[in-house]
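Only one chain is included here, represented as structure tokens and corresponding to the form predicted on its own.
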Amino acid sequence: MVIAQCKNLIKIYNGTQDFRALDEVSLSIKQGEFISVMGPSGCGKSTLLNILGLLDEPSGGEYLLNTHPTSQLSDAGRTELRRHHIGFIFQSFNLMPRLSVLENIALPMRYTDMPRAEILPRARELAKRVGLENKLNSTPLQLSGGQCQRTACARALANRPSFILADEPTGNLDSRASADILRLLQELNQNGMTIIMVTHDSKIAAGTHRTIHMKDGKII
């Protein structure tokens, strides 16, 4: 089943000279896929990810999420879809430094209508799923880079998203921690999670189902 589809997406950034970050990009993402996106800096990878994550809007073309067009959504509508259907993993982790592992994982659930009594038990369950059951009270400053990214992976799963967008999730990690995060993402994918990941590392990309190569705003 196709859960996200881009049809001839165009993204133009206006400045002294207009810059076409995406140039008629078409892409279908099926449920259960693990896709990597590669290409040189400035080729449009992050722009594509931002549009898939409803963090940015295309200048032209169409983006369908679960068969529904997104172009006419209000800001509130985009936020609601993002909250319930999309999980994010960032290169720089984007964890709240004063919150514990448990609190960071629980944070997205506090912005939903999930019963309060269910939030912390689910956060503990997710922490165990990523191997952090012994770090629940640690803050990000007390964790390794790999442990921070595991926390971010658990947080991305908090609201049971349709898919996860990962932007260079191993970019700040050493080779051992990178391999651990790849194995974790593969395990999540084997359990049914759809993942779209931007990476510069061909070894990481080799661990996904298919790789999309981009250049000058186009899929090549």
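The numbering used is simple: start at 1 and walk along the sequence shown. Because the structure is predicted, anything quoted here is derived from the model rather than measured.
Just so you know, the form predicted together with adenosine-5'-diphosphate (ADP) exists too; it's not on screen, but the next bit is about it.
Asker: Can you work out whether Pro69 and adenosine-5'-diphosphate (ADP) are in contact in the predicted complex, taking contact to mean some heavy atom pair no more than 4.5 Å apart?
Answerer: Pro69: no contact with adenosine-5'-diphosphate (ADP) in the predicted complex.
Asker: Cys43: heavy atom within 4.5 Å of adenosine-5'-diphosphate (ADP) in the predicted complex?
Answerer: Yes - in the predicted complex, heavy atoms of Cys43 and adenosine-5'-diphosphate (ADP) come within 4.5 Å of each other.
Asker: Taking adenosine-5'-diphosphate (ADP) as it sits in the predicted complex, is Ala21 near enough to touch it, meaning that at least one heavy atom pair lies within 4.5 angstroms?
Answerer: Contact with adenosine-5'-diphosphate (ADP), yes.
Asker: In the predicted complex, does Thr194 come within 4.5 Å of adenosine-5'-diphosphate (ADP), counting heavy atoms only?
Answerer: Although adenosine-5'-diphosphate (ADP) is absent here, Thr194 would stay clear of it in the predicted complex, with no heavy atoms inside 4.5 Å.
Asker: With adenosine-5'-diphosphate (ADP) left out here, work out from 45-53, 153-161, 24-32, 172-180 which stretch has heavy atoms within 4.5 Å of it in the predicted complex.
Answerer: Contact criterion met by 45-53 only.
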